[in-house]
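Next up, structure tokens for two forms of one chain, structure 1 and then structure 2.
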Structure 1
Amino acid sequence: MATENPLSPEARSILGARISRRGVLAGAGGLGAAGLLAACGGSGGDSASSDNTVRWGNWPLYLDFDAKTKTYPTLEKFSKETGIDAQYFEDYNDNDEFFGKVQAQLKLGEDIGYDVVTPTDWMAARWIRLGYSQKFDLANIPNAGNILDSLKSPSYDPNRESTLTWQGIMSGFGWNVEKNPKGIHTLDQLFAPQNKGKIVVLTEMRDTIGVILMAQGVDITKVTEDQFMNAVDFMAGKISDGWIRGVKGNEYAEDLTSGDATAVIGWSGDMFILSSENEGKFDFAIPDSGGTISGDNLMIPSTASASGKANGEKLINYYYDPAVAAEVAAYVNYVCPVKGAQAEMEKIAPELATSEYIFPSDKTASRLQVFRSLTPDEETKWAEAFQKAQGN
């Protein structure tokens, strides 16, 4: 990881030459790439998808993008190969926020404007538990067999009947190199004097509190309520004392680029792209005490039509092709979940084939933990405590 091996100039040049996505978004006056591509231009489709359409809701900076043509190359290729009109929406900023937007329609069985959604593990578990997802026809997804062995049987979907991992997410410390020349590898270094009032942490409870818990010596695979609440109290104290300026979703990246933030609990892929786009101004490391790992998942909502479901399955199968997965991974730089993608990466960007961001070694993987599954009661109580600590 960056602790020992900072981002290579080769990796920076690869991404820098191919991507300057934030410039595109700014040039569009805040419209966003999805608005440039999709006729409806808003959040999700305005009506149920037609027989040759698939509508995909995903997170920002999470699919290969060509700034010159303002298109997503792999998605364009999918549409050409299948004849399916793929509409892509960068509508995720936070899991709870997105779920809140569509929950009422899901409950009523009304179209939510998406045929494929991309919730994080714990939220995927909620969708499944509430009956808001559809089981795959795996005959339409033969490439599902390419999922990494370590991801084959999550507790919320042990047979992978309703989800397939889109990307793996490592969380840890990100920082402005000029303000933190020695890097940030411990919680004490995060809360160093130069960062006071300029620290941002994630709205993803399991990532922010998970990193804090591990720094406190807690095994997050077995965390108790008392341990969790102690970590929440720690965060609340740092907010009230003026150390933490905000608890944010993906927009924390903008705080770093504007200079409003100098240090974050953030995600590896975001930090890689920020560094690539800003000549190494930012860096990332898994904390010495360990970081969290989770996954975002491709899922078909219960409200998708029969054609939307079938087209969604074709889309998912396409992205589980190792060559396609490698092309996406070269852009997003999150943990790739597809077997064979590392060999394909050797062909298109050999410098990235050894990236710990994309293909973590066993040593790196040993420093990552998955936050344990919560019961519905725990999820409610713990989330309320996390929100209260933020002042909500």
Structure 2
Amino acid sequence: MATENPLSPEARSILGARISRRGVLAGAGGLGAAGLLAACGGSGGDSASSDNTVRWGNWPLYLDFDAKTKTYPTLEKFSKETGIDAQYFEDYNDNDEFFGKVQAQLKLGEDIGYDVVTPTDWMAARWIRLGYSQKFDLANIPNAGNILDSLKSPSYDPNRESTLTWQGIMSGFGWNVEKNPKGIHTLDQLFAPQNKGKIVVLTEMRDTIGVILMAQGVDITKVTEDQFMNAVDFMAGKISDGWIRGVKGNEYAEDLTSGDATAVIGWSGDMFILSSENEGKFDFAIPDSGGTISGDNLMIPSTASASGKANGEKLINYYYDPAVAAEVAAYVNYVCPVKGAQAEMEKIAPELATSEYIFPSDKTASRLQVFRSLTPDEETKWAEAFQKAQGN
């Protein structure tokens, strides 16, 4: 990377998208308010399910939103086209928290208040294991075939019978360009002297350990317990030797801006926003040894009624239409899981169509892996080891 132009092509394509993102951020305030209103209007559980509705619980800031009209344009269009009343709830804030909230009802088979939910891969795996999800009637989802090849057969749902990716999230190395003019592409470059004590890694076990494992040459789709524990020990060592300053969630972005961190294992989307807000002071790259990709998944809970399920399937099918997916991606800027959306993006926001963060090229996609799903025993044991390494 030349010094006069320190940004990687990936980041440059992202910077080109700055204007779109600004519009997004401007809408954030209004969105929060809308979410609040939605919550008041009967936070999921209270709203009645009728034959003509579909109730969707999703993460905040995860669907295109028009700040002026306070509506979700693609969702409005869906309702108009199908006559189905789509109720949208932004109350999926945390996988564990949401699971804790609805688990008892799922167990008893009582309506949880949603016909479509959006858990992250590993949590989706848990729902499937426990029988808390319903298999799709794929006749209702002809667009399901549009899913990217790389996402086609995760270990928890090899034939994508119960889940379809909503958006994908890449993790890799993020860094402060001034402190790391040559960039960070390997684990050795991450643990370079200038970053000592200023490295922050993610609390998301599968991302942090996944990146370390891949750097150690391990296939994370088949990782064994010994390999995992070995990588955790590696991280624990870097913590006790004072290399890693903290293990954090989204707050690592603050650490980068405050200068407390100069290098991170982080998420592409965050790095994209940081970079555009700080005149390219930060950059992101998928490690040479590969990065992880995880996804949030559209899924129909076991408690959805037959009509709720059918309407949910129509909704999922609608969002797997490339044109609609492109509209959503232009807003949320995460990895778009739908084939053909890139061509559609050319029409609405050509500068985003070349973004490796939204539409990773085959070359990029081949460097991303999904962490294998864990058995319940492993889930507890591995999480415990990962937490212990962080001093918990």
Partner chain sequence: MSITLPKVRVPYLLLFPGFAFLFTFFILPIVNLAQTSTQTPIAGGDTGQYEQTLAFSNYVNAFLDNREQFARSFIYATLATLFALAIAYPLAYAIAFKSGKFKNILLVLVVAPFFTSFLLRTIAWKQILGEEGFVVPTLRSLHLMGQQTTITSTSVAVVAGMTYNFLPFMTLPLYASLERIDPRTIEASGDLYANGLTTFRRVTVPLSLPGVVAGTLLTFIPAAGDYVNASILGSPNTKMIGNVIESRYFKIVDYPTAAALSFTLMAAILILVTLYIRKAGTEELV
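Residue 1 is the first residue of structure 1, and the numbers go on in sequence order from there. Because the structure is a prediction, the values reported are computed rather than measured.
The chain appears twice here, and it is structure 1 that represents the form predicted on its own. Structural comment: of the residues Ala253, Leu190, Glu327, Ala353, the hinge joining the rigid parts that turn between structures 1 and 2 is found at Ala353. Two rigid parts move between structures 1 and 2, and the turn of the smaller against the larger, rounded to whole degrees, is 27°.
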